[in-house]
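Read the single chain below, which is given as structure tokens and is the form predicted alone.
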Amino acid sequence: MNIRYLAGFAFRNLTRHKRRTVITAASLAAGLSLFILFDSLLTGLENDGTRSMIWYDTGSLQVQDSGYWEEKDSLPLDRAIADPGPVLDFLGSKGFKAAPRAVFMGELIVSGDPWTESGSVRVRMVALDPGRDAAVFRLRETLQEGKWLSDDPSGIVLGYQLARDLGARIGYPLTVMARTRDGAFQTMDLRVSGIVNTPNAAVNRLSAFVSLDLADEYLYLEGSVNQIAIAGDEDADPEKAAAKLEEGLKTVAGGLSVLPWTVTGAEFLAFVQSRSGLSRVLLLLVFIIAAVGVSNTMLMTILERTREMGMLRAQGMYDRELRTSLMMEAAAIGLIGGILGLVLSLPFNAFLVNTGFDLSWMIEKVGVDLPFSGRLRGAWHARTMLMSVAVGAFLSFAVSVIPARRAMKLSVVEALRHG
């Protein structure tokens, strides 16, 4: 018998027990739809977080002194690019948009009128060139109150949550204490000139911004910076782009490294990958559903049709053909379940993609430092959707092997005597 005949034979058997087929396929569909929706949320979190990290914090690529990354946690100013001019010229000649930055740890100190309370907080200070920075980052677009540094180069711009926690308002005076490039303590008396509210919770909670000229004056940078952020093609391979650019920079200056966002944002990626393990657990649960549901359905089918299968074998149907028919029947149940799960997930996934869930309150309360806006959205992930249909069919096919083999253990005579 050919495959086409066996497929038709398997389909006809499905319609003989419609209720059992529907119940088994529906249980599989529920598990697969949950898998699709969970993967959608993880994909959306990764996509939004990656964009937010690149647009508001790291850039696509970063040029650093080769020894900077090993000491990155302390944000050292002495591990610097002494003369960023030639590097910026080289990047410009290659068509890259680049922005120099000096990033350092600082302590914001507030006291007296008009502050309601006195105290201090450690923050990540970012000294930037207001003109160049806008070509790489989108911080200015998120200015919620006050002026940007290009309009008030002697002020300080605070992240939204940082400003709210301090009780800061535009015009409030504060003192920034930081170490100079040589390691000596220095203070800067500034006024709050602006507040940014970015889709990056880490920036909002931990960052403050000043002009690069101001930092150069107070911290004796002598024109040096410890980062040059680059806006690259977000769809390109970041590792290859970094390696190619680093090789080209050797003609300009030695001792420089180019790091892609996959390195500078490694902590966020590690967080996402750790959560992706949950999707594998969910897929395992789907497999268990398939194993239990389909195996039970096939065992019931075999017990009820033992005599019928004996008759087919007596009339000349080979065991392998009957076994294949049973396995195709199970695969059809899985295929129906996969398609049903996909269809079931579509309206819910549309809600996740277009609306999502606002978790900003939870992020602010817990204080999670992630490049994440707080609105959890899903993403259309065609590969996962198609894979779920294939997985449904394959898992059902795989778990039917043992029941199908069991059906052939009885001899033809014993099968005809059954029931």
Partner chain sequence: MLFSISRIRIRIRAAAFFAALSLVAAAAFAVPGADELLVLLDKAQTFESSYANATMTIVDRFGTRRTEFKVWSRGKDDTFMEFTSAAERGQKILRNAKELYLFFPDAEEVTRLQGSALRQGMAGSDISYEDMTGNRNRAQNYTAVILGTEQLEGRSVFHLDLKAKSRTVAYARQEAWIDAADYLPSLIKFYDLSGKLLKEMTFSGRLVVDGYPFNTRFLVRDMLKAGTSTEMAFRDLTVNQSLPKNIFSLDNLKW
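All figures in this text were calculated on a predicted structure; none of them were measured in a lab. Residue numbers count along the first chain shown, from 1.
Below: the form predicted together with the partner chain, not depicted.
Visitor: Ok, Asn197, Thr187, Ser154, Ser150: which has a heavy atom sitting within 4.5 Å of the partner chain in the predicted bound form?
Guide: The option sitting close enough to the partner is Thr187.
Visitor: Identify which of Val252, Ala135, Ile170, Ile109 has a heavy atom within 4.5 Å of the partner chain in the predicted bound form; exactly one of them does.
Guide: None of the other options qualify; the answer is Ile109.
Visitor: Should Thr324 be counted as a contact of the partner chain in the predicted bound form, where contact means heavy atoms within 4.5 Å?
Guide: No, Thr324 sits far enough from the partner chain in the predicted bound form that none of its heavy atoms falls within 4.5 Å.
Visitor: Quick one: is Ile339 in contact with the partner chain in the predicted bound form, heavy atoms, 4.5 Å cut-off?
Guide: No, Ile339 is distant from the partner.
Visitor: Taking heavy atoms only, is Leu143 within 4.5 angstroms of the partner chain in the predicted bound form?
Guide: No, Leu143 sits far enough from the partner chain in the predicted bound form that none of its heavy atoms falls within 4.5 Å.
Visitor: Taking 4.5 angstroms as the cut-off for heavy atoms, does Asp182 touch the partner chain in the predicted bound form?
Guide: Yes, Asp182 sits close enough to the partner chain in the predicted bound form that at least one of its heavy atoms falls within 4.5 Å.
Visitor: Would you point out which of 86 to 94, 241 to 249, 339 to 347, 215 to 223 contains residues with a non-hydrogen atom within 4.5 Å of the partner chain in the predicted bound form?
Guide: Selected range: 215 to 223.
Visitor: For the stretch 62 to 83, return the residues whose heavy atoms include at least one within 4.5 Å of the partner chain in the predicted bound form, in the order they occur.
Guide: Going through 62 to 83 in order - heavy atoms within 4.5 Å of the partner chain in the predicted bound form - there is one hit, Ser74.
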